[in-house]
Structure formats: C-alpha cells, structure tokens
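In the structure tokens that follow, the same protein chain appears in two forms, which are kept apart as structure 1 and structure 2.
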Structure 1
C-alpha cells in the first residue's frame, strides 16, 4: 500500500497572528488571549489532524493491526475490565509497561502514545485526585504531617481536623487511580489506533451491537467531516469579515446563529441523503461487504490475553493482600 505522509509545514503549530492588521485581535477578550473564533477553528483542525494520524497508524504493519478486529475488540475489553479490577499500584505499573511494549510491537509511535496518555492523564486525573491524598478526604496512617494547630477550624457544618497530613491510604488510592486510568486509556487508544474505523464498526456489529447503531455510526463518521468543514467555514468567514471589536452580546448572537445555521444545513443534507438512499433502493437493511476470517494466530492471541488477564488479577490479589 502506498504510504501517505503529511508535509512538515502543515503540522507546525501556527502562532496566532499578532500583526497590526487586526484581523483576529479584535475578537480577543484580553490581549494575548485567543478569541472564541480562533479557538473553535483550532479545535476543529485538531480533530481532523488526530483522525488523520490514526488512519496512518492503522495502515502500519504491526502486531495488533494483523489480529482479527472482533478478537481485538473483545480482548481489549477483557484487558480494560482486568485493569479496572486491579487494586495495587505495583500491578498497575507492570501492566502499563506491558501495554507500552504492546504499543511498540504494534508500531504505534511512542511519542504520540506518550503525548496522548502520559501527558494528559497525570495532568487531569492528578489534579482531580490531589486533594484526596490528605487526611481530610482519606483518613488513615499519616505519611507526612504538613500542618498542626491546636484548635479545630469550623467552616459551616464542616469540621477540619487539627492536623493536615498526607495519608498512606490517600496516596495509595490516588496512585492506583491515575495508573488505572492510564492503563485503560492506553488500551482504548491502542485498539482505535490500530484498527480502521469502518472495520472496527463491522466487527462491533458482529459481536453485539445492533445494526441500526452501526448504520448511524457509519454515516455519522462521514458527516462529521462535512459538518466540521461547514462549521470551520462559518467561523473563518466570520473572522475574515470582522473589523474592530465585537460586543459580548454580538458574539453570543453569532454563536447562536452559527449553531442554528449548522442545524439548518445539516437537516437539509439529511433530507437529500435520505432521498438519494431511497432512490438507490435503501430499505433500512444495509448489507456489509467485509468478510472476516479468524486464523490460528487470532485464537492464540485470544488465549494469551485471557492468561495475561488472569495473571495480572491473580498477582494483584497477592500483592494487595
């Protein structure tokens, strides 16, 4: 298969235009901060860029790309369930390392993998669980005492204890949560990066998902591009027509109008698509063209994953005891 690559200059992160032409500066709430129009255009571009990368990686020749998609979907689900039943951070660390190896033999670029998992998860989940390491949320054995006072502090109906400590139970729970979220996100990411979307959908249909969901999913996936493009054009048009500063009321009216217009356009498209489908003989029962074949390797892989899950769960019960 021919490999497609994006030219480097398309991937460079563009600095917001700060010149004196004022084309976009007018929409900024504060100097140096980008306005909602630019942010929207950027988030639309980000979605398209991510999707392009996923398509490229799915075309690599790696381990998971070659496994039958039905087997792959089920084994991934099994591994995610195993990850969510594991209790001890140590087991989770080992599992995460193994998942990293899995990504490597599936030729998922480690850089992208790290950026999507280990830059995002500790940041978001870390901030959320940070307060839980203290004894206010997780009472238990103190690891480190930060603060001691002689009188109790009352805030409304809450009573704060007179010492503030980091507890073993709190740290344990927080670590386990971050590592578990990391493992689950990694597994889901590997599944979707190594499988083409239309193939994954057909695999889901053969496992347990009803046809109407698959039909809607397949069409949605295509129309997301159309609607993203339409939305992007609405915003670019707005940006290129704007001179001066728009009032907040004006901005809000624009957003409402942009959403309403998008719905209007989408609705028209759906009517046209329906007419086109019916005129081509659509009766509500689509036919699929891809036929799946399981090979010995797929069964071997499935058996291996079952063993791996049991190993991690069993090992975890021993460690956590």
Structure 2
C-alpha cells in the first residue's frame, strides 16, 4: 500500500497578514481583533433577536397576555399616573417590587427585565439628578461634607458656599425620582412585551390616542427593522468581499459610502411603499384581524388595579407623614 505523506507546502508556517507582509492595503491590521463591520453585524443581529424574543413573550400564556389590550393600556396608564404622584422612596420601592412580581406572573424573564430597566434608568436618570443631592441645589440636613473652607470662593459672578455637602433632602428627592422613573419605564416595558405591536396600536387607537401618533409609531416600528436588515446586508456583503482587515481610512470611506447608499435605498423604498399602500386602499387607520371583546376578567383586573393604585397612594400619604 502506498504511503501517504503531507505536502511540504502545507507544513510551512504562514506569516500573518500585516503591514510588513506586503500585498494590498486591505490586508493590513491586527489579526484576531474585531473591526467595526463585525461589531455592527453582531449589534444588528442582536436587535433582531431581541425583537423575535419579544414576540415570543407576547405569545406566552401569562396573566397580562390574557387581559384585553384596551383595559391593559388604560390600567397601565393609571399605574404610571399613580407612580408619578408617589413621593416617598419606600412606597416606590414596594411598587417596583410589585411590578417585578407582575412581570414574573406574566412570564417576562426577570433577567431581560432588569437588563432593560435597571441597567439604564439609574445611569441616565442618576446623571440628571446628581447636582440635586448637593446643598447648592437642595439645602437641608448634611449627610456628608465634601469640602469646607473658611473663605468664600468666587468664580466669575458666582459665589460658592463655604461648605459643600450632600444633604438628606437632596438624596431623598433624587432617589424618589430614580425609583419613579424606574416604575414608569417598567410598566411601559411590561405593556409592550406582553402585547403584540399591531394589537397594541389598535388598542391605543380605540382609547383615543391621536391618529397621527399611531401612524408615526406604526411606520417607525415597521421600517426600522427593514432599515436594519438592509444595513446588515450591506455590511455582510462588505465582509464577504474582504480578505484580512481594512485600514482605518478604508473603513471610514466605506462607512461614508454605506450611509449614502442606505439613505438612497430608504428614500426609494418609502416612495414605493407609500404608493403601494395608497393603491391598496390605505386611509391612515390601522386594521387588524383581531376583534377585542371585554370579559368579566378584564373588569375584575381594572377594579383590582384601581384598588392597587389607591393602596399605594394612601400608603404613601401615611409613610410621608
């Protein structure tokens, strides 16, 4: 039997693609490091995966999925109004825990819930309310003294106080605002995750939300994913034609051209889609095949939410004394 040997050229060590290896400029760069094309493709895929997963949550057999979308939208609005009227952080903490329990019984994954609410709200809201914890904005009882001087400091026409402290009243107000925003965002997120988008828009339209607002939401939601898909195809086509990694200059040139191409495609598609919709009888009013029917459970849920709102508001008045 003839002995098979590995060709010598397969055993030769290959030099990685870099700037010293010669060849075209598209081969330059550090191998193994992800470029913006890979990162963009991954981000677009993640958005599409999240949307697909959100559709799965709306199809689960949970508590809120079984409630009439009109009743669900109105009761969510009532809870958000109640959250905006609550003043004490302790009451808002209890309300947030109740909202978390509501998400749990509606089969909304707690990990996704925390990731979308409590990794974002404290960061952005905290930055906004950060100045309010200092005695310069919220005078009151000092909790922590950061700076103390025997002389006043003048910055232009401003005169800073001798002492810079974090006050109890400032922390109380900032914490209440963060928790209030967290409760409101949590309620809105649960509503959108447990209701399919076309059904939610129809429900909003039936509870007298302005038609122009519904139309803008409908078109934005529909075409933002079409835009993402088109952008993903452009980036995948670019990556499939690239050997090695492109230089920074070439990447900037590509992203500029891709933005122009995407803008042109979006404009042409918008014209074609609008003409197609008008030719099929579109009048600006959303239509779905789902017929709403209010049952006894929906009325019970509405009465329960009214009682829960009164409980939180009454409890807040007692705690805030």
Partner chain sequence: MHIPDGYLSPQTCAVMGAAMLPVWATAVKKVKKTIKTRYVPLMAIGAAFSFTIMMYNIPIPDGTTAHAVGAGILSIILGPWAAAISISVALAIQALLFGDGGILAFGANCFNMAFVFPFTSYYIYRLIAGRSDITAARRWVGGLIAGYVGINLAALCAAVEFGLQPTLFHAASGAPLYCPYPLNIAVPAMAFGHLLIAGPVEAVATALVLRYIQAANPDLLTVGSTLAREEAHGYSKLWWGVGAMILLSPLGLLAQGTAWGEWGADEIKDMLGFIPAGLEHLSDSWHALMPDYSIPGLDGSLWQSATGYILTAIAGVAIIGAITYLFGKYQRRADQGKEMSN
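Residue numbers count along the first chain shown, from 1. Here, rigid core means the biggest group of C-alpha atoms that superpose within 1.5 Å across both forms. Bear in mind that the values here come from a model prediction, so they are computed numbers and not experimental data.
Pick one: which is the form predicted together with its partner chain?
That would be structure 1.
Residue 74: CA shift of at least 2 Å between structure 1 and structure 2 after core fit?
Where the cores coincide, residue 74 shows only a C-alpha shift between structure 1 and structure 2 that is less than 2 Å.
For residue 114, is the CA shift between structure 1 and structure 2 at least 2 Å following rigid-core superposition?
After core superposition, the C-alpha of residue 114 moves less than 2 Å between structure 1 and structure 2.
Quick one: core overlaid, is residue 222 moving 2 Å or more at the Cα between structure 1 and structure 2?
Residue 222: C-alpha displaced by 2 Å or more between structure 1 and structure 2.
Upon rigid core superposition, what is the positional shift of the Cα of residue 209 between structure 1 and structure 2, expressed in Å to one decimal?
Residue 209 C-alpha displacement between structure 1 and structure 2, core-aligned: 2.5 Å.
Can you read me the CA shift for residue 266 between structure 1 and structure 2, rigid core superposed, in Å?
Reported C-alpha shift between structure 1 and structure 2: 4.9 Å at residue 266.
How much does the C-alpha of residue 255 move between structure 1 and structure 2, in Å, given a rigid core overlay?
For residue 255, the alpha-carbon shift amounts to 8.4 Å.
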